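First, one chain by itself in structure tokens, the form predicted alone.
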Amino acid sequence: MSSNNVASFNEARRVAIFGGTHGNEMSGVTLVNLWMMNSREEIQRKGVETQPFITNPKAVEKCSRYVDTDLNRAFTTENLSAPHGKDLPYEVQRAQEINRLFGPKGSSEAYDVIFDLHNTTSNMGCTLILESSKDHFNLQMMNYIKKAIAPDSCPVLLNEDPGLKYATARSVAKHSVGLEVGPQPQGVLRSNIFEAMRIILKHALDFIELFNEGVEFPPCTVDVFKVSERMDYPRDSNGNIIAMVHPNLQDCDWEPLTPGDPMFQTFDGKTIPYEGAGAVYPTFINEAAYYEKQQAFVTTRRETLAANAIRKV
């Protein structure tokens, strides 16, 4: 399908907003609780049923990332088809329940769009996460959001490499959109981060309303950062971390890292440089939640994607 073609989609009538997929990421938890309690009109759009939803209530109650296992990695075919039972990890039981409510994943009955709200301790700003470079609906939405908040930036992180991709809660929907806003410590609310997330959601819902009303969006291009590699901290033979993110790299998400640039600093002050084949753009730098995943940051490469014109069927 060339970018000159028009992609047709059904109206996006059922939309969910997930908060608390990780129970200590407070912007999404707070916004969703707010919308569930008394401010639902803020997220309603003409002809759209918008459902705010706390994804992992037990983790939210404990203000922890998860209870038994990471819910945002739990939506595998194996987990979703496992025989239901109390002996399953809590998050696997919860994944099955979410799949029943908003899916089934990969089916025509699944919700049209799920927005999954996350915070990061990294200096990523407002980042949209795209799971498929072929999803012209999401590409057009992200282009709309980027233009709406300009001159503020809104990077798009493309994570579609089968070896690096994981089974997210939002992947239950036909169109899955991750929103990662930081920096914000775990278990903490920062007003600027909270407001930034709220504004992105407003523009995303405005886009859906315009699309449903019959607005045709012309072809466009979207600059993305495509995930290429996960980088771990240097470790000793026992697996203990022996170096930190270098001060020149800390908080420099989305900035180029070129061969020879400082990458890590050992505890005795020695610099470990980046030795890759060319410039990369690191992100999720020193993310607190990724120490357990043995990840210091991810490298990305810049690409420009062409999106077809879209209109409703």
Partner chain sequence: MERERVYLPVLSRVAVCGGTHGNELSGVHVVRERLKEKQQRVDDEEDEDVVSVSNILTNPRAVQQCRRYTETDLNRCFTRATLSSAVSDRTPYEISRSQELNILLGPKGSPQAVDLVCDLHNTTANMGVCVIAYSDTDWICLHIFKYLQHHMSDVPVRYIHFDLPCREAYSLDSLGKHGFALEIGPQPHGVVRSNVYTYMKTGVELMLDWVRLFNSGTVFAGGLVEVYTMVSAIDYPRERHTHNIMAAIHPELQDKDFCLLRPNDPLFETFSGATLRYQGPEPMYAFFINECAYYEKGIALSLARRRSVEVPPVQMKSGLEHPGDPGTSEEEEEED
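Positions refer to the first chain, counted from 1. Keep in mind the model is a prediction, meaning the values are calculated, not measured.
Another form exists, predicted together with its partner chain; not displayed. Remarks below refer to it.
Residue Gln250 is the only one of Thr271, Gln44, Gln250, Thr69 with a heavy atom lying within 4.5 Å of its partner chain in the predicted complex. Of the listed positions (Arg230, His203, Arg190, Lys165), a single one reaches within 4.5 angstroms of its partner chain by any non-hydrogen atom in the predicted complex, namely Arg190. When its partner chain is considered in the predicted complex, Thr30 lines it closely, a heavy atom lying within 4.5 Å. Contact check for Phe9: no non-hydrogen atom falls within 4.5 Å of its partner chain in the predicted complex. In the predicted complex, none of the heavy atoms of Leu257 sits within 4.5 Å of a heavy atom of its partner chain.
Using a 4.5 Å cutoff between non-hydrogen atoms, Leu210 does not count as a contact of its partner chain in the predicted complex. Although the partner is absent from the chain shown here, Met37, Arg198 and Tyr291 each have a heavy atom within 4.5 Å of its partner chain in the predicted complex.
Picking from 131-139, 239-247, 171-179, 84-92 the stretch near its partner chain in the predicted complex, with a 4.5 Å limit on heavy atoms, gives 239-247.
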